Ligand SMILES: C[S@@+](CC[C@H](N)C(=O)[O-])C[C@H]1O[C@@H](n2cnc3c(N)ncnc32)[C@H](O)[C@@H]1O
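In the block that follows, a single chain appears as structure tokens, in the form predicted on its own.
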């Protein structure tokens, strides 16, 4: 197998590695706070108590737990910034000059992620807007649904930012590509560059059945990122917070070398068993699919109708 999996703490693993060995990182971090601690995961798995929002069943379907980032206070938000600065410092050394880091975030937290990574020395290179409707936000005021029936307590989330960072390099991009094989993002085609807006589905049920992780991302999305971060179609991708293994499965689909780190043993076993099955799925890759059309007047991405 071209991938290696480690049931380990990501920071301990990173500290043990040599410098300038990895070509890219694609990850959805736990944000270093409450949700993914052993204590809170135990409560989430029992479906009772803790900081996870356990939605009620709806139309006979059991809805999945969601992180409640809206409960974070100012000190905890500042902790996110500090945690990502620590993460940036830990990853900066092991990445090749020009290596890209793509990090999943959300509309409430991404400023703190960006500041922390920038303070650790990375260049902020923009973001990809994943257009996807989730179950988060848009609710009426609690205990005031009828009195304030035309009021939402927060916007209904319809997009997800994936932040892009790059380790600085000396000289030109051409020189860095020749020496380190990094620095750019692979184009969709000769005519079309990497795009920063993607229409996306929520993770399909068949993928969740394979790898049951509350933050599992769809292969249609992760394969787009895995392809993009290796501009010359070779190198090693790291996911230091592997979760359900979606990044590693996407890399495996293309035959890329990858490394997955996961500290939680239950999630590690889920990913270990699910990665080979996720990698074999026949899915339409955002941005690289046959029904993407382009014209001189603009870019139009046509996909199957999404059910929200």
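Computed from a predicted structure; not experimentally measured. Residue numbers count along the first chain shown, from 1.
FYI, the form predicted in complex with the ligand isn't displayed, but the following is about it.
Peer 1: Heavy atoms, 4.5 Å, the ligand in the predicted complex: which of 116-124, 173-181, 189-197, 214-222 makes the cut? Say which one.
Peer 2: Flagged stretch: 214-222.
Peer 1: Is residue 15 one of the residues lying within 4.5 Å of the ligand in the predicted complex, judged by heavy atom distances?
Peer 2: Residue 15 lies outside the contact set for the ligand.
Peer 1: Flag residue 277 as yes or no: does it have a non-hydrogen atom within 4.5 angstroms of any non-hydrogen atom of the ligand in the predicted complex?
Peer 2: No.
Peer 1: With the cut-off set at 4.5 Å between non-hydrogen atoms, does residue 241 touch the ligand in the predicted complex?
Peer 2: Although the ligand is absent here, residue 241 would touch it in the predicted complex, with heavy atoms inside 4.5 Å.
Peer 1: Would residue 258 count as touching the ligand in the predicted complex under a 4.5 Å heavy atom rule?
Peer 2: It does not: once the ligand is placed as it appears in the predicted complex, residue 258 has no heavy atom within 4.5 Å of it.
Peer 1: Are all three of 246, 263 and 267 close to the ligand in the predicted complex, meaning a heavy atom of each within 4.5 Å?
Peer 2: The answer is yes; 246, 263 and 267 each reach the ligand.
Peer 1: Within 4.5 Å of the ligand in the predicted complex, which residues of 157-185 have a heavy atom? Give them in sequence order, or say none.
Peer 2: Not one residue comes within 4.5 Å of the partner.
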